[in-house]
Structures are given as C-alpha cells and as structure tokens.
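Quick setup: one chain, the form predicted alone, written in structure tokens, and binding and motion questions come after.
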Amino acid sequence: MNSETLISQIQKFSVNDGPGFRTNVFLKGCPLHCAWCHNPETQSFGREIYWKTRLCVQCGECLEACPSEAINPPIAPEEAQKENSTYQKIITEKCDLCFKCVEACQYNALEIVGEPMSIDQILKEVEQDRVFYNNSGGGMTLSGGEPTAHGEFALKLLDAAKSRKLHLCLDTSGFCQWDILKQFVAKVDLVLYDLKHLDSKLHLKMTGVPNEPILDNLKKLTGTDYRIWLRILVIPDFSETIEYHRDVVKFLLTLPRKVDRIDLLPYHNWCEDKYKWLGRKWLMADYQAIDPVEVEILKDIYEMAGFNVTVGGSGFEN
C-alpha cells in the first residue's frame, strides 16, 4: 500500500457536499474525463503545473531554469493576459515535470498541482475544524477525482477518519466494480452519488466511459440501507430538458427504494481559469451558466414523484 497519495486540494467550510460544514479532501486521479468537469486538475493521477497568467510578469526566470526547453519565451504580460490569447507558458509535450520552473518563479505564477500527503497529514488538517463539524453536523467528504480509484489508501483513510469519530461522506461517480464500491460505502455515513446521464452512448461521448456500471451499482446500492444523496447534473445540450428528467424519474422509480435525497446541480463555468492554467482547451467554455431559478421546474418533476429535492445541494435545511 502506498503511504502517500496525491491531494489536489483540501477545501474547508464546504456547504454543498454533505450535511453541515465539511472539509472536502480531493484525491487526484479519475477514470472519467467529463467535458464539463469543474475540477480538471483532479483528472490526472500525476502531478501537474498551473500557470496563473494574472500573476506572471514574463520575467523569463522560468525559461532560464528549464533544462528541457519546455518554456516559451516571454511576451508582453498584457498580450499574454488577453482573453483570446493563444500564448501558453509551458510546452506540455516537452515538460518532464522537474518543477525547476516553479522553484525559479518569484511571483507564484507557477504552482505544482498535486501534493503527496500521508493519512496522518490529511487528518491533521481535517481535524482543525472539528468544532465546526460538531456544531453543524458536518465532517469530512472524500472526493476527487474518484475516491474508489485510489484503492487501499482511500479505504485506510476512511478507517482512520472513522476511528476519530468524524462524520464521513463519499462523493463518487459509481464507476467501479460493485465489490469495490461496497467496501467504500460500508465505511461512510452518507454516499453522494453522481448520475450524469441515462444514455450510455451520450455518457461515453461526454465522460469517456459507459454508464452501465454506474446504473448497475446504483441499483445495487438502493437495495441496501445506506443513505444516498443522488446528485443529478443539469448540463446544457446534454441533460437539461424536461423530457430527460421525466425519464430519470421513471428510472429512479424502478429502483429497489427511493434515494434519501436528490440534488439537482446546475452547470456553471467558474472553472474556466483552471483549464487555462493547465494549458487545456475547455470544450464547454462557450456555454453560459444555468441559473438555479431555471432548474426549479425540474425540481417540481421530482417532488411530484415523492422525492426530497434541492437545487444546488446545500447541506443546510431551509
């Protein structure tokens, strides 16, 4: 078993990923590559480099430090920062991730994404906010990336957190073997389960994987007593129509039991900078965020079928 794994972020005071105030632990690495992914830095299982254009003064120190000729020569900062600029600091196909450019940058414009952390290091940070968990019914949410793709490390992390009497949520796509998923859900208090699309071909096109294992695991999961909050995405040109959500309701009513709650999650585009920092083109950059008010009509469809529903997934009751 690895004694460490890569963590892309430990996010405190989250209120949309389980009950109460929570600390989200984002494991780095995911088998899915969703076109709308709001955390693209969690897709790769390896370390990466952010280039934050607004902080870069184009001093050229990173160019001098790079032994692999993987840095483009500096240009005027205002040119690099233009909205339609095609300039990218790092030539990713040449970069060997030695991180000497990061060490040379005095302005924090270059940043390593993915910090190796042990279980003790993670929980030391998580436990700093125990008073807020106790007062709000919160705790730790294991997220990513995809936690089930991190095997024994993630399971041991949950065991250690449980031994410290932390309330635990698992945020999962459900894309794994059932034998793996059931090991994870047995260790947590609540499962946050993503449902991206019912159609396997569309699912494959937009996420890179088919949905049969996800739907099958959801069926098996609802055949147990584990608490489930189902997170249903509302994505433009993919899963935003009334007809689609009526089909989802029909599917959900075929499951062994109703999930404990449904969270309708409207698409947003707040993550666009992350794609630029990673030197990636974001295929959904031209889509406007969906106003939560527009999702209220979809909420009505689920409520009429007897489901407990939120828009946005707040962990606090109104």
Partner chain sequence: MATTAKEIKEFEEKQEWWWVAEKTRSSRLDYLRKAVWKKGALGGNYAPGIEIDLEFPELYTETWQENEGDPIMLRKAKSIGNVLENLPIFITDQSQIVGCVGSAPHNIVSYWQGASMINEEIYNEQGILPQPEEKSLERLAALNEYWGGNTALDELAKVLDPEDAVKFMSGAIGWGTPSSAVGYATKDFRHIGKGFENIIEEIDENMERTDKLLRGNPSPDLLPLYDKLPRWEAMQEVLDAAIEYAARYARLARIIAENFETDPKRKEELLRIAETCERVPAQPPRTLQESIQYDHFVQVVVRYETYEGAMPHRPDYLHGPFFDKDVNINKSITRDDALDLLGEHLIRTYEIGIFSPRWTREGLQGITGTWVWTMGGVNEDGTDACNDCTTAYMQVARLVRIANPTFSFRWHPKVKDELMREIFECIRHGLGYPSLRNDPILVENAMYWHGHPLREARQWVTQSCMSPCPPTKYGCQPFRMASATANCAKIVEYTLHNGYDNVVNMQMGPKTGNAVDFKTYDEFFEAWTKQMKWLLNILVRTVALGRAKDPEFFSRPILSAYYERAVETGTDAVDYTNGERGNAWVTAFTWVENADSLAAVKKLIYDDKKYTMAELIEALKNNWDGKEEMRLDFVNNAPKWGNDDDYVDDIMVQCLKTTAAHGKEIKCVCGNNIPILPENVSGNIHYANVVSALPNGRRLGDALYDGGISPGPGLDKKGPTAVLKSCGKIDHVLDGRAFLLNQRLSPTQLAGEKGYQLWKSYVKSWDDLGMDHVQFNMVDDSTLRAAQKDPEKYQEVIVRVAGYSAHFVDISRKTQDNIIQRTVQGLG
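This structure is a prediction, so every number in the text was calculated from the model and none was measured. Residue numbers count along the first chain shown, from 1.
Absent from the display: the form predicted in complex with the partner chain. The rest refers to it.
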4.5 angstroms heavy atom contact with the partner chain in the predicted complex for S314
yes
Whether K12 contacts the partner chain in the predicted complex should be assessed with a 4.5 Å heavy atom distance threshold; does it? yes
Original post:
Applying a 4.5 Å heavy atom distance criterion, does N135 contact the partner chain in the predicted complex?
Top reply: yes
message: Although the partner isn't part of this model, could you tell me whether E125 comes within 4.5 Å of the partner chain in the predicted complex, counting any heavy atom of the residue?
response: yes
Among A76, V131, I242, I112, just one has a heavy atom within 4.5 Å of the partner chain in the predicted complex, namely V131
Among S85, Q177, N108, S163, just one has a heavy atom within 4.5 Å of the partner chain in the predicted complex, namely N108
Among 204-212, 100-108, 177-185, 191-199, the stretch whose residues bring a heavy atom within 4.5 Å of the partner chain in the predicted complex is 100-108
